[in-house]
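In structure tokens, one chain follows: the form predicted on its own.
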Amino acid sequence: MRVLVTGATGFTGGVLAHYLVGAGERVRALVRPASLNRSRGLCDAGIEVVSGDLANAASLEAACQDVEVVYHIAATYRSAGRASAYREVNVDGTRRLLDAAQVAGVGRVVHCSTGGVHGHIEHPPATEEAPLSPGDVYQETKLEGERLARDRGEVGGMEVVVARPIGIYGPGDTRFLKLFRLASGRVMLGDGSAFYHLTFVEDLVEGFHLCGTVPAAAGRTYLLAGRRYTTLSKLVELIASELGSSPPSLSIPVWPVWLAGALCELTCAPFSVEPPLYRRRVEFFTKSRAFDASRARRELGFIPKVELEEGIHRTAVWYRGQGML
């Protein structure tokens, strides 16, 4: 069937688009005009690239024509602007896409949210029914976006599935590069006791596809998480072992760095400059992320295949190949 992927020039969206081609789908990718120069790999894979933007309703209506499933992956994760920049994409852009999909008669929308909407997990592991406690504007707008999507599905006429991915990593991703570099350094931020849960991107995109194709998934929300979680200190040890180094032997308090992040955001926002440090990056070392994906396993047949050690190895190989480590 013909499917539409938003965010296809990004890490997760790009891997998903290629996976869907391999699964036999006819894939269309919505690409912003400013990112068309990054879409050659999509075209080479036989993916239909259409120019459009979540801010442009007309382009979304055109992109949704003759589409059966929309995979909405695009989002603003880090923005140099104010909170309005997150809202424009993660909330208003989602609303426009839902409108366009409904008008075009799309059968199902798979809306990519984030496990971050649960905030710090007080009693791990968390299920989909755990309290919602977004900790920053990104998570707040993602939660608002998923509520919009869910409400639209409840109206009828178009099925909606909400996916909350957890800790996406793998070859092609650079968000966790700092953690890999930290693992081979001497200093750790905090005591490493917080839990963290990683999900290898190849497993994740298979989960997205199940969300788009399993009939019983309509109207449901799923956590899509890797095979296991661990403490940050253990995660750093695993990465250090892969890199052939010793894990950091010193730790520094988190709060001064968190304050520095807050100051960076406060100072940079009025000038629309990307801060060199975000509070969210610092909170990575203090907030536990540990999840139970048994609903997705039970209802979708979602069974992650890549063990944590294998995923770390494959990611490190890619980093080395790119000259990043």
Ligand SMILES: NC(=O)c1ccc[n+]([C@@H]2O[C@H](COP(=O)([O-])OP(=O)(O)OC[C@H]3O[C@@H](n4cnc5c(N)ncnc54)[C@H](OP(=O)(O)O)[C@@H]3O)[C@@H](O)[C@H]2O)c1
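In case it trips you up, residue 1 is the first one in the sequence shown, and so on. Not measured: the values here are computed from a predicted model.
The same protein also has a form predicted in complex with the ligand, omitted here; what follows describes it.
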| query | finding |
| --- | --- |
| Contact residue in the model of the complex, from Y229, Y138, F180, F200 (heavy atom within 4.5 Å of the ligand) | Y138 |
| In the model of the complex, the residue from R175, R147, H120, R87 that sits within 4.5 Å of the ligand by heavy atoms | R175 |
| Location of the ligand contact in the model of the complex, chosen stretch of 63-71, 286-294, 27-35, 264-272 [non-hydrogen atom, 4.5 Å] | 27-35 |
| Interface membership of L54, the ligand in the model of the complex, 4.5 Å heavy atom rule | yes |
| Proximity of G10 to the ligand in the model of the complex, heavy atoms at 4.5 Å | yes |
| Partner contact for A194 in the model of the complex: the ligand, 4.5 angstroms, heavy atom | no |
| Distance check, T114 to the ligand in the model of the complex, heavy atom within 4.5 Å | yes |
| Within 200-222, the residues that have a heavy atom no more than 4.5 Å from the ligand in the model of the complex | none |
